[in-house]
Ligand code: SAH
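Below, in C-alpha cells: the form predicted on its own, a single chain.
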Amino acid sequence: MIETREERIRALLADESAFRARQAVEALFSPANAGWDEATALSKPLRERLAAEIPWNAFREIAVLPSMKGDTWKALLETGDGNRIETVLMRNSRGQLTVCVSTQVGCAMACTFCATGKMGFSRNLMADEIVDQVRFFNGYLARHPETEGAVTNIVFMGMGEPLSNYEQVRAALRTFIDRMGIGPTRITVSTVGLVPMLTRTLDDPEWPPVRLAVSLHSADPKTRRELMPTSYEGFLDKLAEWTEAYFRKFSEKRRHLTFEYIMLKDVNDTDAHADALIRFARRVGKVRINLIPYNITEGGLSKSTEETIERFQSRLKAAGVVATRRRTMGDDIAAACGQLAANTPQSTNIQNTKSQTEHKTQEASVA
C-alpha cells in the first residue's frame, strides 16, 4: 500500500481539526515555503511537531546546472538512502516551464541509445520522490525570481520506465492533478511500450487521462529489437491492438497518441525505415511521430544528419503522417533526451566536453 506524505500528515494530525490538517497540506505544496518553519499559518508547536515527524523534501540538493542557452536547468538530487537521480526544468519557445521527472534510480530497459539504460536498475522511486522533483523546482523558481514563470507541464521522460513503477507513478499523477493544479492534458507519461501496463491504464478507473507517448524508434521489428532489448516478436501487432482499444475508449474526445522516434545515423533513418513507419502509422490511426535528434551518449551511435532528418520528416508528411521534431534542449549539460545518468558535476563536465566535441565533428562532416 502506498503512503504519501499527505496521508502521513493527516494521520499525524488526526487529533487536530480537519482544518489544521488541510492547512498543513496546503503549506507543503506552497512554493513560497522552503520548510515547515516557514509555514507560519500554523502554530509554532504544530510546525515543530510536523518537522520532527514529516520530512519536508525527499532529496538533498547536490547541484543545479543551467544550460548556456538559459532555457534548461538540470538538478542532481540525492535520496535519503544515498541514491542519486536527475530531473530537468525546461522553458519552451512559448515561455512555458516543464519539469521532466524521473521515476526510477537507473533503468532496467537497457535501450542502446540511452545513458540511463546503461546504469542498470537500482530501485523504484516512491510517489513522494517523484512529486518532490516538481516541488524542488517550484522552490528553485521561488528562490530565483530572475528565472521567471511557474511550472505548467510535467513529462515523465527522465530516468526509468514509468509503467514499471505503476502504482507509485499513479499516486504521483493524482498529487500533481489534485494538489498542484496541473491538469491531465499538461502531463505526458512516456513508456518503452509495456503493453500489459498500457492495457491496465485503460481499465484502471484511478489512472487519470494523462497524455501517453510510446517510444517506438523503429517500425521495423528487427531494428527495434536491436535498439530496445525489451522488444519482442509480435510487439508491433500487440501495440496496434492496444492503440485500437485506446482510440475506442477515447472515441468521443480529441485525443492522439505520440510515437517517439530517435534519429540514429544509418540505423533507423533510411527511406525503408520511413516507409515502415508510414505503414504502421496508417495502421494505428491518430498518431503523431515526434522525431528526436540523437543526443550523444557512450555506445558508438551517431546522430542523423540534418539533411537526413529533414528528408525523413518530409517523407512522412508527404504520406499524410503528422511528424514533428523535438527541439534539443540542455545537451550542453547532459540534460537532453537520453542523457540523464545521475552524474556528479565533475563527470557531467567531462561528458559535456565530449558531447560538444562530437557535435562539432558531426557539423564539420555535414558542411
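Quick note: we count residues from 1 along the sequence shown, nothing fancier. Since the structure is predicted, the reported quantities are computational estimates derived from the model, not experimental observations.
Heads up, the form predicted in complex with ligand SAH isn't pictured, but that's what we're talking about next.
S.K.: Quick check on residue 269: any heavy atom within 4.5 Å of ligand SAH in the predicted complex?
M.R.: No, no contact at 4.5 Å.
S.K.: Heavy atom to heavy atom, is residue 190 within 4.5 Å of ligand SAH in the predicted complex?
M.R.: Close contact exists here: in the predicted complex, residue 190 approaches ligand SAH to within 4.5 Å, heavy atoms only.
S.K.: Though only this chain appears here, would residue 260 touch ligand SAH in the predicted complex if you measure heavy atom gaps against 4.5 Å?
M.R.: Taking the distances in the predicted complex, the answer for residue 260 is yes, it comes within 4.5 Å of ligand SAH.
S.K.: Should residue 151 be classed as touching ligand SAH in the predicted complex when contacts are defined as heavy atoms within 4.5 Å?
M.R.: It does not: once ligand SAH is placed as it appears in the predicted complex, residue 151 has no heavy atom within 4.5 Å of it.
S.K.: Only one of 237-245, 158-166, 70-78, 203-211 has heavy atoms within 4.5 Å of ligand SAH in the predicted complex; I'd like to know which.
M.R.: The contacting stretch is 158-166.
S.K.: Among 280, 113, 176, 136, which has any heavy atom within 4.5 Å of ligand SAH in the predicted complex?
M.R.: The residue from 280, 113, 176, 136 that makes the contact is 113.
S.K.: Which one, 124, 297, 98, 218, lies within 4.5 Å of ligand SAH in the predicted complex by heavy atoms?
M.R.: Of 124, 297, 98, 218, the residue with a heavy atom within 4.5 Å of ligand SAH in the predicted complex is 297.
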